[in-house]
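The chain below stands alone and is given in structure tokens; this is the form predicted on its own.
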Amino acid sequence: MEFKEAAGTRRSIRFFRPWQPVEREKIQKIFEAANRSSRSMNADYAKAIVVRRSELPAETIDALRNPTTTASLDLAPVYIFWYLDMDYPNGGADRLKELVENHVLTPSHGWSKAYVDEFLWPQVLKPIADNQMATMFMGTIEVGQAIANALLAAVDEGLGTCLHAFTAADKVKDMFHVPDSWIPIWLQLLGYPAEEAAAGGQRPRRPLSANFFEGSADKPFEEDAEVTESLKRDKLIQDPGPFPHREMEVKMISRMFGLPE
């Protein structure tokens, strides 16, 4: 699947085939995509624990439930618990100097080991490391980038996926020996979709001009109709929902799993 099609096809899938396991190699590919995400300081912000639903005690699954996640928790064969490791600043200076050695951060752009040691670390990065709110703010952005890669990789592998609130973090922490420095971020559910991959059509989004601007915040970025048409051909922009058959699809799947219609 090409990138634009994967980005356009991504949906929050909530109906999974509980009988169809997810191959371990596909989970590895998802983690590898997350591991290749953009990250400042080349730091290891994101941590994740993958668990198969069959390996979780019923009381743990029950603790994760809320009114809108119960069905998905019962259907998805794989859970991925995503965390932010608040210890990510440790070793930051060494990682940056390694990038200097590898000619990634170059003198042409003002980089040197001396710059890292004498200014960047003491004046910028250490103050962030010493401020929990700043550490959290920066870290959650970077973890979000890793998770976004993971979502697209799942779609590329033909899987359904969705992010849910990460509740019962203390119970999960005790069960899986999670370090104190790991902060829960999202629970990603994963499996083969029981609904169409299109899930009733592409979700509504406001036009680009509502959120993106050119040159000034009072000058909306206007779409080029030809570019828009090319993105439709590339399947980044897809048919919007709801499809005419969507209501019946949801009713039939719900009936199959004994869920409310």
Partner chain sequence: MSQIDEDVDGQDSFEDLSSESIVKFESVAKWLNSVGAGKDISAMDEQIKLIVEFCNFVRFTPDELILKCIRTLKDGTRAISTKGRNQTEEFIKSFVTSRGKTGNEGIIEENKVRGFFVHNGIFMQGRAAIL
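Residue numbers count along the first chain shown, from 1. Predicted model only: the values in this text are computed from it and were never measured.
Keep in mind that the form predicted together with the partner chain is not shown, yet the notes after this line are about it.
Just one of Gln28, Thr70, Asn211, Ser230 comes within 4.5 Å of the partner chain in the predicted bound form, counting any heavy atom, and that one is Thr70. Only one of Lys235, Arg65, Lys47, Arg52 comes within 4.5 Å of the partner chain in the predicted bound form through a heavy atom, and that residue is Arg65.
Listed stretches are 5 to 13, 20 to 28, 248 to 256, 235 to 243; the contact stretch with the partner chain in the predicted bound form is 248 to 256, by a heavy atom cutoff of 4.5 Å. In the predicted bound form, at least one heavy atom of Leu75 sits within 4.5 Å of the partner chain.
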